[in-house]
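Heads up, the chain below is alone and in the form predicted alone; it's given as structure tokens.
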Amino acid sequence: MTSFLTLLYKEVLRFWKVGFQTLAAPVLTAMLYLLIFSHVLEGRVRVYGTLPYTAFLVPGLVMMSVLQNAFANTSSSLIQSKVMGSIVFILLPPISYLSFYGAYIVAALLRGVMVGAGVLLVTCWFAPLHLENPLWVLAFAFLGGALLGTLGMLAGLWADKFDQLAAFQNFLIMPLTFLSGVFYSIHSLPAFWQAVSRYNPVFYLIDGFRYGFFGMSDVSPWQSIAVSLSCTLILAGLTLWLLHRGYKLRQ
């Protein structure tokens, strides 16, 4: 456990030292999204029958913040270490690939959950929220952080330059999160786009997380947890295999 805890401490300290950038800035961004969209659409859109749009929007923004920051933490840490050459100081000690993976994912979870809690704290004043199923909220928050943290590790392992990582984030992560039902219910879409949305794993994370607040969702939370858990296990297995091989780390 010593290597795991040491690496975890290093990763947490890395984002904590620049908290204004890694913690405060995402909270401000989410609050701006809420102010703009709630001002434009509040009173014009009702979701699940009688739910105010602002109340519908808050959990989506919270979960989107968790996911994006979990991805950013692992991907940015790995690419910075590779580009600067400091990755050698992690590879030289006898740190197992399981400890390596675990420390990065737990740090990503911590950053994602901290940002999500901050977003919830500053946005819950704009709409009445109540937790129907707190365990679902926690389950999807931690599962989402683990899934996007793992995807961030894959991106960081694959990328050799910052622009490659930016392309991964701009052309994959951003569309997956913004087109996942954060700002709308998929039942408001045409049938074709509803079907397309069901192939987006982030949709199930957002929808399941929102179910924990309102007890209402576009699909069953059990289906959402099954899809999310399956995707997490598949990506975790792939990541562990690449770490075991030293993919793009031991050159």
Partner chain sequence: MIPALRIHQVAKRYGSLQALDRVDLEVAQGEFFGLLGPNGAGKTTLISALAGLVRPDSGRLEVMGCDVQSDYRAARRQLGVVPQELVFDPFFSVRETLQIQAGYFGIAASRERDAWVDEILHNLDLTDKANSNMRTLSGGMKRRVLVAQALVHRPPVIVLDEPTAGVDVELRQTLWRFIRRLNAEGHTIVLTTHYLEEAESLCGRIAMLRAGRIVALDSTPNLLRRFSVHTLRLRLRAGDSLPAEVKAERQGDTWVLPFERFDDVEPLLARVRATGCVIEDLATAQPDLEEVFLKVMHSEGAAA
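Positions refer to the first chain, counted from 1. Just so it is clear, the model here is predicted, and its values are computed rather than measured.
One more form of this protein should be noted, the form predicted together with the partner chain, which is absent from this view; the next part is about it.
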(message) Exactly one residue in P175, P94, P134, P128 has a non-hydrogen atom within 4.5 Å of the partner chain in the model of the complex; which is it?
(response) P94
(message) Residue-level contact is defined here as any heavy atom of the residue lying within 4.5 Å of the partner chain in the model of the complex; does F20 satisfy this criterion?
(response) no
(message) Does any part of N170 reach within 4.5 Å of the partner chain in the model of the complex? Heavy atoms only, please.
(response) no
(request) Examine Q80 and determine whether its closest non-hydrogen atom to the partner chain in the model of the complex is within 4.5 angstroms. (result) yes
(request) Tell me, yes or no, whether V88 is in contact with the partner chain in the model of the complex, where a contact means a heavy atom of each within 4.5 Å. (result) yes
(request) Given that the partner is absent here, state which listed stretch (156-164, 94-102, 107-115, 135-143) has heavy atoms within 4.5 Å of the partner chain in the model of the complex. (result) 94-102
(request) Go through 1-34 residue by residue and record those having a heavy atom within 4.5 Å of the partner chain in the model of the complex; state none if no residue qualifies. (result) T2, S3, T6, L7, Y9, K10, L13, R14, K17, V18
